Each structure stands twice: as C-alpha cells, then as structure tokens.
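The structure tokens that follow cover one protein chain in two forms, given apart as structure 1 and structure 2.
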Structure 1
Amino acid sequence: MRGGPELHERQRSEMVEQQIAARGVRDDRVLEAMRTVPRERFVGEEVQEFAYEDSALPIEARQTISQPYVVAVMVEALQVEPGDRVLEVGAGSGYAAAVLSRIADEVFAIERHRILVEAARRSLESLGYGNVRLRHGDGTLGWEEEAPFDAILVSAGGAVPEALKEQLAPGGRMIIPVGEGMGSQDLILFQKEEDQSLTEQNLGAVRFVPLIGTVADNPGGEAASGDNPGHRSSQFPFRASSAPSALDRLRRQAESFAGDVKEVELSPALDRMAGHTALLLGEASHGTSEFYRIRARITRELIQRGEIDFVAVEADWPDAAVLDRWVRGVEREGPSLAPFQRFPRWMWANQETLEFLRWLRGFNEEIQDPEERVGFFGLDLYSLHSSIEEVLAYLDDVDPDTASLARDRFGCLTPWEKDPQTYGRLASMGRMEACEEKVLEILQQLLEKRLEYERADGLKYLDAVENARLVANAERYYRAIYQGPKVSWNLRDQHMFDTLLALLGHHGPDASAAVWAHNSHLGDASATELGAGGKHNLGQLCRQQFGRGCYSVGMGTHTGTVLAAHDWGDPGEIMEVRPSLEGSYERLCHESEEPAFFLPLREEHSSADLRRELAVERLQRAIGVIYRPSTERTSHYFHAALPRQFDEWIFLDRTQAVEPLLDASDAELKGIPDMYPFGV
C-alpha cells in the first residue's frame, strides 16, 4: 500500500476541508463520514496515492469510483439521518455505501457487475461496516423485499424506474441523474409526499454512465465518441443555472464594447487595473488572437501611463531573454539560440506578440537610460519546451507506453486532464522509474549545452542567478513528472512565482509587473477544482503575497476558432471552438447577447448581488496548446467560483485563431531588422 495510515488520515482531512467543505457542503454528518471512510481501501493499490485527489479513479469492470465531492453532494442532498434505511443503485466499489453507512442505520446496495460486488464486500467487511448489505442484480428493479426506503441514491443516469418510485417511503428522498445522454443529464432530487406524488428539484447538470437494467436500458446514453465509457461520474454536479437574476445582473454590470480591440475605449477598465504591484492578465487558450491583442493593448496603455515596469510571460527564461535584449536595444556578445523554434512555437511566435514587441522596442528607444526601459521576461522553467522533444524521442525508442504517458503529462498545460489508470498501470510495473535517470541525464546535458551559450553573453547578475536556479528547478520538475500531476504543477507555478519576485526585487521596491499567462495559472486556484485537488498556482501565491496589490483578469469566449494541436508535438492547426456548454460561465455570458464586455468583480467595482450569483460554482473552459473537441467536457472544463477566482472578467463572444509567424525563409519576412526576435 502506498503511504501509511497516518498519511492517508491527513490526506482525508485535507480532502474534506479543501474539496468538500470549502465548496459548500455543510452537513456535519456528511463531513464526518467523509473524514471517517478510508477511500484508499476502495481502489487498487496502484492508484492509492491518488485516493484523495479530486478525481474519479479506475476500479474493476472498466468502471470508476466517483469524485469525493460528487458523493458528498449527493449524500447531503438526501438529508440522510440516523435511523434511515437507504438503497443505493450502482454500488461500484462500495465507497458511497460506506459513507452512507456511517450515517444511516442500514444500507442496501445493488451492483450489476459481480466482480465489483465481491470486491466491495471484501472492503466493507475488512472495515467492519456490518450495516451494509450487497446484492448482485438489476438495480432498476430495486430491492422490493426490503422496501420502503427513506432515501435512494442512484449512480447512473436515464429515466426514473417506476420500481424505485414505488419503493420510496412517504417523505423519502431519491437523487438520480435524469437524461438520455451522458452530456445532457440533470441531477434531480425527488421527494415523495404523503399522497404518493413526487416533487422535484434540479440540482444542475451532471454526466453519469447510463442506467442499465431490465426496465431502464438507455439506448441514447452511450458515451460520446472519444469519452471513456467506463466513467461512472467524470464531472461534478454544479449548483448553478442561467437563472434570470444572474443574467439580468450580469447585463446591468457588464461594460460592453464592440469593434476592433485596437479602437476600444479602455479608460474605466484601465483605472481599475492601474496601481497594482502585479497585474495578472489571463487567457482561456494559447491560440486565440483577441486574448493576445486585448492583453497587449491594456499593457501598452498602462506602460504609457508609467504604471508598468516590465512584462513577465509564461515562457522560458532564455527564449524571452532574446526578446528582452531586442526590445531594450541591448547588444549581445557571442552566439545566441533562436527562441521559440520548437513546439508549441505559435504560443509566442505569432503576429499578435510581434506587434506588441515592435511597439515596445519603439517605446524604449525614446528612453535614454537603458535601466529605465521596459523589459520582457520569461517566468517558466529553463529549457522546458525545447527539452521535451529530446526526452520524448528517447522514450519513444525505449518505452512507447511511458512516452505516451509523458506526452499526456507535458500536454496538460491546464491541470484538469489526468489519467490515473495509465499512471497506476505503469507505476505498478516499475517502468517509469526505470526510465527516470536516463531522462534526467538527457535533460542535464541539454541544460548544460544551453548554459554554455548563455555564458558567452556576459549576462548580468540577475541572469546568472536565474539560470542557476532554473537548472535545479527544471530537473526537479522532470523528476516530479513521475510523481503525479500535483507535485509537478505546484513546483512549476512556485518557480514562476519565485521568478516574478526576483524580477520585482531587481526593479526596485515600487516596481509593477504585467503578467501574461493562462487563466489556470493566474486565477486564484483556491476558487477552482485545482485548489480542491491540493494544487496552488501563480495567481493564488500573488494574492497571498501582495493582497490587494494583485489584480487578476480572466478571459473567455463562446465560440470561434483557435490555433492548437491535437496532441503534444503535433502540428498546430486552426480548429473550430465548440459553443460553450450549458451551465458554464461562458454560456451565461453568451446569453447576455453582448458581443464583448468587461465585467468588474472586485467588491468596490461590482454589486454584491452579482458576486453572490456568480459565486455559485459553474463550469469554465480552459484550452492550452492542446485542444480535443471530441472529449471537450472532460479535457477542457472545470468548476470554478468566478468572483473568488478573478477581480475582472473579459468576455468576447466570438474569437479567432492567432496568426503564427512564418518561416524565416518566407518572402513576406524580407526587410525585418537583423534583431528580429524570433530567430529570423
């Protein structure tokens, strides 16, 4: 077993506080039950280290154990009390039944996969949970001889079986996902009245596997192409809808604009964003033109006001250093590596970024003192992207399975995609550890080679310190790739935060920075699934460090096009962005019928009623350099509480892909100055 009892107990406590209580579950009995039941006992040993992450985990029969938050929300909604008799349909691993058993008198659980019934029985017996009875059978028929039940929990979606309605006691409650397809279900709470009628309450959209049985087969419920049909519940139920009150308040608060971003009147928004140590300007994808252009426009205007001393971006330090020297007009000695020549090149080698850099170079030319010129710096790990290609080439040759996992890890620029099943399989076979030392050796060689080039430049003290720290942290990052997503994510964002602090210190006590990075790095992680899973990010660390001296801005879109790749290392291509999902912040903004707007969210700039409406968790979309439309819900959506995540939200209903820079040999690039920053 990975980790001892004390570790798991501590992780259980953190799970309840961070993933469940912090997100609105208040029933003390539910919270105590979640603290009591050891989730690691209901999954295989190979994934026990993930037992208290905020995710579904694989079990036998190609099924999964639901996220802890899903279980807690459903149990709380049922209002289970001591003395109750509860029926669970779709017992799976037995985890939810175990949680229910810590509150109710008796739990009757039905599961259609015999192998799961046997495994659940072993787990429950080993823990001494004697008030749970298991049955292998058809859950749609219920458990007639033990009826009626005070509460019924159904862990699969479809129509409501008549047998379950009949077996619910007067005054009893039943919770079930209702809907034909995995993408169109609502979590419905039914209550049976004394006259046998059922009242219902919609708790929001969910996504469960179909309810299969004699009377409830769901022919429309198969998994969508590309989804894992074994997922029992791969998303959280969210307690939100596009209620008229939220939509009306949003329309009243939104500061609408139209036309070209270059011509938009920004004064009210600029006044809110000025005067902060760290202005964090996010984006919902790494390949959307409008995000880059409005971010550049805001930064440019604030630089002209004297509000910004330097720009820090989600890019590798050595690549950005070439651009910094170019925009500040600093001569370089010795050879230089051309920046942004490898995947994902378009993330910074695009026309939108180039336009800003050209403007910044021109602005700096009017400043006589080189030390006063506005710089452009990278926050990310040293040689991160340029090293990945070499590492993957090695793994492709010696271990394709591990290479595939590494591609998934590297491709997850947002933290919502994970594959514990694959990780567990490889970890149990010892394959990743066998490759680790060779991968780190390759990395070290690459870092030393790049450092040789940098030594020839006579860089200043800041560069020397950053390069030394980057080498150490990059090696730690690659090692962390083998330890799971939480460790590597936290290390990377901590590194970016430490680099930002070093830059602010270098520029003096009153320095101010504009930071460009993805929403998932800049929105406060504690207000999202990221924080619920034990991860922090740059935005959260900035808020903790600077308080109200940090101002974070997120961006979103409804549809359009994006430049992205299907997988790590694939060529970038322009893809259609699917319309935003029901129940998401993006869909709510789309329903406002405003083409684009600023939405201030900080207390002094917005109404308490709007913040309260928007603080109810909704889905939010995140596209990095990878976009997988066929699995968009699981790959690109997560839950967040927007007013706690950002101080301001910029929405553009329809957007288009960035314009990547062409190869140096292309005729259209003739006449570009020799110091052109992208290796031309």
Structure 2
Amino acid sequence: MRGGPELHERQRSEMVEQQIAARGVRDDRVLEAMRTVPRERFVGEEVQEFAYEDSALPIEARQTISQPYVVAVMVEALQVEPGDRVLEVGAGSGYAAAVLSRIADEVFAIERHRILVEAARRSLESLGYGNVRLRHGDGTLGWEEEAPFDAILVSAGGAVPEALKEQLAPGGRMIIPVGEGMGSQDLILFQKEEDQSLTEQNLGAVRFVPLIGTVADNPGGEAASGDNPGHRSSQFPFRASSAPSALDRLRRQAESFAGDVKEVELSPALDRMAGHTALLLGEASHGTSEFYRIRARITRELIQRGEIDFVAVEADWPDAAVLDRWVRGVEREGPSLAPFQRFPRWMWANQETLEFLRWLRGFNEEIQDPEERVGFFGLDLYSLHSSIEEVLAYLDDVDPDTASLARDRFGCLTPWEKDPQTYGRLASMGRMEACEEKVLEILQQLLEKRLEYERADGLKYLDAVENARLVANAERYYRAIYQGPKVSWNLRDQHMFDTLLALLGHHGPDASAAVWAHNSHLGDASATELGAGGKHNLGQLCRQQFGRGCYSVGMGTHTGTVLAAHDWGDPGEIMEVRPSLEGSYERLCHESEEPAFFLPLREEHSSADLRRELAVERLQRAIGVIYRPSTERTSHYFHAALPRQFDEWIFLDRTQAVEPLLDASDAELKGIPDMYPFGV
C-alpha cells in the first residue's frame, strides 16, 4: 500500500474541504463521517493511490465504489441522525455503508455480488465498524425482517422497488437514482408521510450502474452498464444530459445568428457588454477562427463607440508591446524583438489577430495623441528572457547606475533564461539559492524611482515596471511549478490580474479594458471544477474587484476543426474537433439546432428558469494549444455551472481552425515590415 495513514488522513481532509464542502455539502455529521472513513481501505491495492480522487473507482465484479461527493450528497439528503436504522441497496465495496455507520445506529446493506459482500465484510471488520450488517441478495426486495427503516439509500439506478417503499418508516426518506439506462437517471428523494403517502423531490440527473433485480429489471443489463470506472464523476448528481425543459428554455432565450461572424447583428449584445471596467471575452480553444473573429468584432465595435480604452490579452508583455507600438504608431526602442516566435506561435500570430491589429492601427491613425490611442497589451508571464532584456535596456537609457545593479542582480537568473523550469526545480529543491530577493530588489528600485522615471515617459516606465514585475513573478512561478499545479496556476492568474490592474491604473479612473484569454482564465473559477480544486483565476479576481463592473463572456463550439499541437512544442496541426459529449453544455447548445447564438445569462437579461436549469452542472470543453482527441474526456472536459461562470455565452455550432501567419523568415514579408508587426 502506498502512502501511510498520515498521508491518507491529510488527503481525506483535503477531499472533504475541496470536493465536498466546497460544492455545498454542509451537514457537519456527514463531513465528519467522510473525514473519518478511510476510502483506501475499500478499494484494491492497484487503485489505492487514487482513493481520494474526485471520482468513482473500479472495484471487483466490474462494479464501482461511488464518488465521495455523491456519497456525501446522498447521505446529507437523507438527513441521517444518530439513532436511525438505515438500509443500503447496492453495498458494493461497503464504503457508503461505512459512512452511514458513522452517523446512524445500525446499517443494513445488501449486495448482489457475493465477492463484493465478502470484500466489504473484511474491510468493515478490519476497521471495527460493528454496526453494519451485510447480506448477499437482491436488494430490490429490501430486508423485510429488519424493516421499517428511517432511511434507505439505493446505490444503483432503475425503477423504484415497491418493497422499498413499503419498508420505509413513516417520516422516513429514501434516495434512489430513477430511470432506465445510464445518463438518463434522476436522483429522487422520497419522503414517507404519516399517512403512508410518498412525496418526492428531484435532485437532478445522475449516472449510476443499473439496479438489477427481480423487480427492477434493467434492460441495459449488467455487462452493458456503461459505468465508466475511473472516469470522473460518472455518478455526479445535479449534472444533466439535455433535459427537454432546459433545451426549450435555451431555444427561447438564445439570440440566434446565421453563423457568419462578419454579418452578425451585434447591437443587443453590444448594449449588454458596454459600460464595464473589464469586458472579458473568453475562448474555448486557442486555435478556432470564429472565436478570434467574433471577439475582434465585438471589441472593434465597442472601441468605435468609445467604450474600450485598451485590449489586454493572454500573451507575454514584451511580445504584445511590439504589437502595441505598431498599432499606436509609436516608435519602439529597446532590444529588437520579433514577437511570438516561440511555441505556440499561432495563438497570436494568426491571420485573425493580424486583421484586427491592422484595423486598430487604421483606427488609431485618426487619433492625434498617442496616449489616447487604443493599445494592445500582454498579461502573461512566460517571457523571462526578453523581459530581463527590456528592463536592462530601459535602465541603460534612464539610469545607468541602476542598470549595472540590475545586471548584477538579474545575473542570478541569466544562466537559466532559456531553461527556467530547471532553475525552478533546482531552487525549489534547495539545490541552488533562489533569486527571489535579487529580482524583487530591481522591481523595488523601479517602483521607488517612479516619480523620477515616469516624468520622462509614462509609457516607457509602465513597460519597464511590468517587465520587472513579470521577471519577479516568473521567478516565483517556475519555483511554484514544483509546489503543485494549484500554486503555479494561482500565481499566474494573479499576475495577469495585477497586470490588468496596473494597466487600468495607467489609463485613468474611468478606463475600460477588453480582455482576451481562454475561457478557463475568464469564466469565474469558483463556478467550475477549478474552484473546487482550490484554483482561482483572472475572471474570478475581476468579479471580486469590480463586481458588476466586470462582464464575462464565454464561447463554445460543437464540432469542426482546430489548430493545435498534440504535445507541447510540437508543430500546430489542423485537427478535427470531436462532436461535443453528451451531458455537456456544448451538446445541449448543439441540440438547439441553431448554428450560432448569443445567450445572455445575467439576471437582468435572462429568465430565472433558464438560469436555474443551466446552473445544473454540466461538462464543458476546454481546448488550449494542445488537443488530444483520443483522451478528450479526461484531457479537455471539466464541470461547470454556466450561469455562475459567465454573464453571457456565445455558441457557434461548427467552427474552423485559425489561419496561422507565415513565420518571420518568409521571404515575401521581408520587404514590408510596416505591414507586418510580427517581425521579419
């Protein structure tokens, strides 16, 4: 067995905090029971290391141990109390029975596979959980000799067995996934009234293995259970496939357009999007033409209306700065940098972005004061090398003494500029001294001399400070990678947010930004699996900071093509995007049969019913610069509650790959640098 009891205890308490309490389970007894029962003791050795993953896991007899969150939700809904006698149908590994046994007085659990009953008995005995009785048999018949029960938990889905209704005590509750086949069950909570009648409440869609018995005969049969061991959330409640009512409401509310981005009538959407400090325009991939084009159109029209002062994108500061100088017609000083030469080049060096930049350059030409022109800035932090160069060049110009100090301090990092990951690894292992203090000292120097430096040239000063801050945060970021993905993710999004704040500060009190980045950075992370895992993001930080002054728009597609790489550093290829998965928002949108639409989700623009339906968590697809169709479900889908994540959703059913720009060595472009900001 890997990992000792202490590790498991820690994992358990993280599981309770991040997967269960964070998603709204509040009952202290349930949380405490989940914290107590060692889930690793109910699975085979080969999957023990995954015991605290947020998913169902395979057990013997091709069955599954339920996802911890599902167990917690079901037990909470049953309102189990000390003194209760509880029946579980479908004991499987015995885990849910064990959790119940930490609250109730007595638990009776039935399982139809003898091999599972024996394994469950061993697990429960070894833990000394003496108040669980197990029986091998057909649970649809209940356990008549021990009835009535205060609560009944059915861990497999099908029709509601009459025997179970009868064996429920007055005032008792039963929870059961009802419905035929996988993906179309509803989690129903029954309550037996004093007059023996049953009231019911639908808690949302779930996926459970079938309840197989003499009473509830499931046509799918056991072998075709379709249960997907190891797949995340195969039984996640409140996650629906496309229920007709959601679809109807969506159809009613969607503002359809023909799908041609050039022709879209934007007015109603622009009215909703105008007038915010931060308009966040998210994309569902870094390689889909329509996402770039519609985002550019919205931004253009709002710029023309005087609503946007600058565009800030998920790109590195120095690279975007080259484009900024080009669109504003400002002479560029400092090292000559051809922007976006590294992987993933197409993310910004694409025809769609170039078209927008050309338009913006033309628009800016009409504005006399360069400071009034609409700029283009980068929020990201992957440019350690060029940012160091930029800071040094700036200081050489304005303050040679500080420049030589900076050369000395940055010298700590320069050997690693081309391989910052190795620096991060060695520094985080304590194998070399971290350069943190040294790089912070230079940022500090720049901030302290603000008045002096800024007087000479505000924009150049902003450039230098942002590059120095980028160096400081990148230094931390590369070390944070080795503290786990959550730490580095949060640091990166915090950096993007701080950069946005600095830009807004630079542009004055009423400034307004259009932000272009991936959905995963711009949709509120607290409404997604990211948040449940302790991650926050730029969109969430913007909402916290600006409240209703932040308007976030997400995008999605059903199928088509995308420009992406199979692996980091691989060449970009045009790939087919697989049709969206059942149970996803994209699939629901596809089923509307509209080729493209805007879907406003803010209270004042949409119906409460629609928002309620869509708040039922579903899958959402996220393709970055990498696309792995063969492992699409695990690599590219996560759960989200759309109306909490975004203020508006744009859906384009079929989309095409972006058109990458030729690289800088292309002979044709060499003679026309003025027309080509991406470097020659």
Ligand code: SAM
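Counting starts at 1 and follows the sequence of structure 1. In this text, the rigid core denotes the largest set of C-alpha atoms whose superposition between the two forms falls within 1.5 Å. Not measured: the values here are computed from a predicted model.
Matching the description of the form predicted in complex with this ligand is structure 2; structure 1 comes from elsewhere. With a cut-off of 2 Å and the rigid core superposed, Thr655 has a Cα displacement that falls short of the cut-off between structure 1 and structure 2. Taking 2 Å as the criterion, Ile115 counts as shifted between structure 1 and structure 2: its C-alpha moves by at least this amount when the rigid core is aligned. Core-superposed comparison between structure 1 and structure 2: CA of Glu193 displaced by 2 Å or more.
The two forms, fitted on their core, place the C-alpha of Arg12 6.0 Å apart, compared between structure 1 and structure 2. With both forms fitted on their core, the C-alpha atom of Glu162 sits 17.4 Å from where it sits in the other form; this compares the forms between structure 1 and structure 2.
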